[in-house]
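Here we start with a single chain on its own, the form predicted alone, put down as C-alpha cells.
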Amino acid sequence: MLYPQQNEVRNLFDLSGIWDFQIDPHGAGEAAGWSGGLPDAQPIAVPGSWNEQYGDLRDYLGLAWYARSFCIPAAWQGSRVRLRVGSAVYRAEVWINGHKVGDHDGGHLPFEFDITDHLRWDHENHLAISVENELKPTRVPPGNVGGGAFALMGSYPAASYDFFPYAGIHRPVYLYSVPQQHIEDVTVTTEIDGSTGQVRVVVAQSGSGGSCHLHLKDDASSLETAVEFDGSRAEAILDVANARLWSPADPHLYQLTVSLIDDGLHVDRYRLDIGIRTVAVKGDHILLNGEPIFLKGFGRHEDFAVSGRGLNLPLMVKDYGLLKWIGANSYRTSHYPYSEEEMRMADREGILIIDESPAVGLFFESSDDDIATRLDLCKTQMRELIRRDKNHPSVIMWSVANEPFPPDMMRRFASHEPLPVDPKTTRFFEELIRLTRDLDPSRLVTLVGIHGTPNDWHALTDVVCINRYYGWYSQGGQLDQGLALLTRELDALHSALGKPVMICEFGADTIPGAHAEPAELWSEEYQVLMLEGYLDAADARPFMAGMHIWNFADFKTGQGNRRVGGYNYKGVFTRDRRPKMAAHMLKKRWNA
C-alpha cells in the first residue's frame, strides 16, 4: 500500500475535482445501469463530504453515486494501471466502463484495484463509485445501537460516537501506473547502536528474481548496497554512522531510494523518506531514542465547514502551525486513521502520533456472532492501517480502540472501584492486540479506556490510556471534587498496573466569548481552570507519560441535547481556528 508517486518509471494522475453525483435512496442505480452514467447528476467536489456540500443531504447516509470520465495517455500502455481511493466512508463499489472491479468496507483507509484489463486506450473511460454510510450495529464503528449506554446519547444521526458521521469520498482518487515487474511494498524499521543507526529494509516485488539496489542519503551521508531477491523478497541492513536521529526537536529525514533491477536494467524505482528512531516503554516512561518523552498535545478531528471530513490541505498547514505555536509535540488520530498527507506532514514537522483504528464505540451487548463479526472487521482495519502507516517515524503507538463499552457499562459508570469483567471481552482485545504486535513489534500498542474500563483490558497494553471528564460530565462545576477523584484514580491505576499512564481526553465545552466570574460551566474561565487542574495533577505524578486535551478545535457532531447547535465546543481553538483563553494558557505553559 505504497503512496502513489510520479518518477521516471511510474506515472500518476489525480482524479480529484468536480464529479457527477446522485443519491440513490432506494438502491435502484445498479440495476438501472448508473455505472455507465447518472441520469440526473449534480456536481460535487472530490474529496469532500456530501453532507456539507448540500444542505438537504446533511443527515443523508444512504447510497449515492459518483461518476466521471478520463483518458489514459498512450505512453502508459505496457504498464499496469491501478485505481486508488484514499478513503470512502463506509462501503464503496467501483465500476470501470460498466465492469465492477471491486468493493471495500470501512472508511478512512485506502483501497485500490488493478483496472488495466478494463481500460479503453482509444477513447474516454467511465469511472463510477457508489458509496453508502448506513449506521449498523455490526459495523466498525457501529451505529443504531439500542439499549445500554448508547440509549443515553440521544444523538441524531444515531452514531455510537460523538462526532458527525460524514459520508462520501474524503481523500484523493488516483490513477497510477507501475511496470509489469514492480516494487509492491517496502518495510523500514530502525534501531540504534551507540551512534550508529541501523536501517532494516524489506522489499517485496510483484515477480521473482533480479536484485534490489538501495540508496540512503541525506546532506551529510550516502550509503548504497545491492541485494538479490529470494523469490519476491529482498532484505538488507544499512548501518548509518553518526546517525542524526528523528525527534520532535529535530525531525530529520533520510531519503531512501529503492530500485528494482532485472537483467541489468532499472525496471522500477520508489523513493521513501524515513526517520531513524526507536520507541519503547521502560518502567513509568515512554522512551524515544532511549530518552523519556512526555506527550503533550490533543485529540483532534478531520473536520471543517464545507469540506467536512474531506482532505483540506490549507487547513492541515494551518493546524500544524498552530500545534507548533502552542507548544504541542503530539496528537491522537481520534477516532480513525487520518489522511496519508497528515502522516507525511507529521514526519516532516516532528509531531508524534498515536495512530488509532476506526474502532470507536465497540460494545458487547449482542450475540457472539455479532461480536465475532466486529472482531474480524477490527483485525482487517488494523492490518490495513499498519500496512499504510508502518514507515512513518511520527507514528509511535497504535490504538486498537477508543472507549469500548463493557457489557455492564452503566454499573461501572456509577462505581469508583474496579469491577470484574466477562473474560470473553478480554479475549477480544487479547486477539486484537496480539495481531497488532505481530504485524509491527517496533511500536507500542494501547487502547483508550472510558471510565469503568476493566483493568484486565488495560493490562494488555504498553501504556494505560484513559479518557476522563471529572468536573464536566460528572461533578460538573465542582472542580475540587472532580480533581480529587481524578488523582485518586490515577494513583490506583498505576498501583494496580505498574505502567505509564496517559490521559488521552479531558476538557470542558466552552462557548467562545462566554465569560464568568467566578468561573462556571461553558465559560472560557472554567475551561482554563479545568485544564490547569488536570495538567497540575499529571505534573505531580512521575508515572504520567502524557496529556492530550480534548479537543484541538471545536467540531461538528450529531444533534443532541448535550450539543449546542450540533457542535462539540471542547476545542481550545474555535472551528475556524481562533484561540480561546485556554490556547493562550497552554502556549505559555507548554513553551515555558
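Being a predicted model, the structure only gives us computed values, none of them experimental. Note that residue numbering follows the sequence shown and begins at 1.
The same protein has a further form, the form predicted in complex with a small molecule, not shown here; the description that follows concerns it.
Can you tell me which of 580-588, 5-13, 567-575, 19-27 lies within 4.5 Å of the small molecule in the predicted complex, counting heavy atoms only? That would be stretch 567-575.
So, in the predicted complex, is residue 68 in contact with the small molecule at a 4.5 angstroms heavy atom limit? Close contact is absent here: in the predicted complex, residue 68 is far from the small molecule, nothing within 4.5 Å, heavy atoms only.
Would you please decide whether residue 268 lies within 4.5 angstroms of the small molecule in the predicted complex, comparing each non-hydrogen atom pair? Residue 268: no, not in contact with the small molecule in the predicted complex.
Taking heavy atoms and a 4.5 Å cut-off, does residue 522 contact the small molecule in the predicted complex? No.
Could you tell me if residue 162 has a non-hydrogen atom within 4.5 Å of the small molecule in the predicted complex? Contact with the small molecule, yes.
Site test, 90, 171 and 381 vs the small molecule in the predicted complex, non-hydrogen atom cutoff 4.5 Å: No.
Residue among 526, 534, 50, 550 with a heavy atom within 4.5 Å of the small molecule in the predicted complex: Only one listed residue qualifies here, and that residue is 550.
Only one of 95, 166, 76, 469 comes within 4.5 Å of the small molecule in the predicted complex by heavy atoms, so just point that one out. None of the others qualify; the residue that does is 469.
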